[in-house]
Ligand code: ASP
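Single chain ahead, by itself, as structure tokens, in the form predicted on its own.
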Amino acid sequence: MGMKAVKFGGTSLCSAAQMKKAAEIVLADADRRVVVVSAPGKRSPEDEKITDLLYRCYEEPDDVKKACLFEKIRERFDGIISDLGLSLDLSEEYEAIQNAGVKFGGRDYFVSRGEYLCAKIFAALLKYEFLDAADGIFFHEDGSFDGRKTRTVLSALLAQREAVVIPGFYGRMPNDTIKTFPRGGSDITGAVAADAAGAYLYENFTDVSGFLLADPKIVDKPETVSIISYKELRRLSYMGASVLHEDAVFPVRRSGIPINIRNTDCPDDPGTMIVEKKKTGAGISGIAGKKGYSLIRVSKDRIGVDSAAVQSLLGIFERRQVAAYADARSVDSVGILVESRNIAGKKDYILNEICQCLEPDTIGLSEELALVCVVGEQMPPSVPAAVFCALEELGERIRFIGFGADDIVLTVGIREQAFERAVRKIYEKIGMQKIKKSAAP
């Protein structure tokens, strides 16, 4: 019998009703024997996540207010236990958390208790064994993740158990203190557990039925992407798409374990599969983008083919610790694209140094730019055509064009004010092309 590793996000565990749904999903498939949980999330837009309450509680200097905040956390968990009808008493756990948080536990220990307590409750509901992440997930002295030790120890622990629930988000330092991953770290724990268990699939249950082709805050009801490669995921994540953190992908990618993004509220939806290599034909996997870019253009006779001049130009940005997102070159000009926040307070120094070092014919700075990226392996020629047609219809001049070295991403730079309209129009044009293709004889 194979094994699946399953991770549930905070929205999937925000209440007793949601926990029951999650439990039904787990128990419906005997292969789901390694379960990783986040701390309970918001029950409504006005509600607070348990992790946010724990941060507030830890940082509150007033003892009376701190006690009130912790009581609120305790009532939330006790309410879930009561609504689930469990005979589970966490009084000793609450006391230990309060005492450790005040005396010596540290911030990471305190804020990780949301996952810890949630895993205790969910394990009792499933009648699975609770396995503390601190016993199987480890960090180095410098705070970096110790993948080798974790894989060895956690694999052995999982091999000795039939079915477990593991709290996400944290592990153990060499001095036995608790260390957390970055926010969203339960996704990393899930991937690490899937790898250690030798799972054939890592299911990540959340509040959406997979990845969407575009941001639903910009595009109304965008399509769900059925399959996406790790390479495509990386490009979309870098450009701000709401996808898994890169660190949550590496452990399973290394072992060739696919990820299935699923919806707790719609468990029959197939969701999105994340794989090493897609077997499907050409198409796109996402439209994403970000605002806040600036383009510095330098013109001089043959500067674009003068390697020494280009290196000198890039060296100016390097010395100022400004990362160049991309550069575009022609025979007599070079454009350097950077994030505007990285040159805040440095613009005049950079422009002056360029003038002194390169003596250009002209130098220009375009600010308040946005990048729109269309990502897809085996991207057909019709996709760039749709992008350019969309921008032409909007009357929007393209300030920057870039193609990734691996031919899976097309990036265009436009004015920030046109960003949302451009994304909607590009989505519309690409969708129309799909309709025309399906209608062709």
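Just count from 1 along the sequence shown to find any residue number. This one's a predicted model, so the numbers in the text were calculated from it and none came from an experiment.
In what follows, reference is made to the form predicted in complex with aspartic acid, a form of this protein that is not presented.
- Remark: F211 does not count among the residues lining aspartic acid in the predicted bound form, judged by a heavy atom distance of 4.5 Å or less.
- In the predicted bound form, at least one heavy atom of K49 sits within 4.5 Å of a heavy atom of aspartic acid.
- Taking the partner from the other structure, aspartic acid in the predicted bound form has a heavy atom within 4.5 Å of a heavy atom of S186.
- Using a 4.5 angstroms limit between non-hydrogen atoms, A39 touches aspartic acid in the predicted bound form.
- The contact with aspartic acid in the predicted bound form, taken as any heavy atom within 4.5 Å, belongs to F169 out of F205, F169, Y202, Y293.
- Picking from 370-378, 390-398, 31-39, 64-72 the stretch near aspartic acid in the predicted bound form, with a 4.5 Å limit on heavy atoms, gives 31-39.
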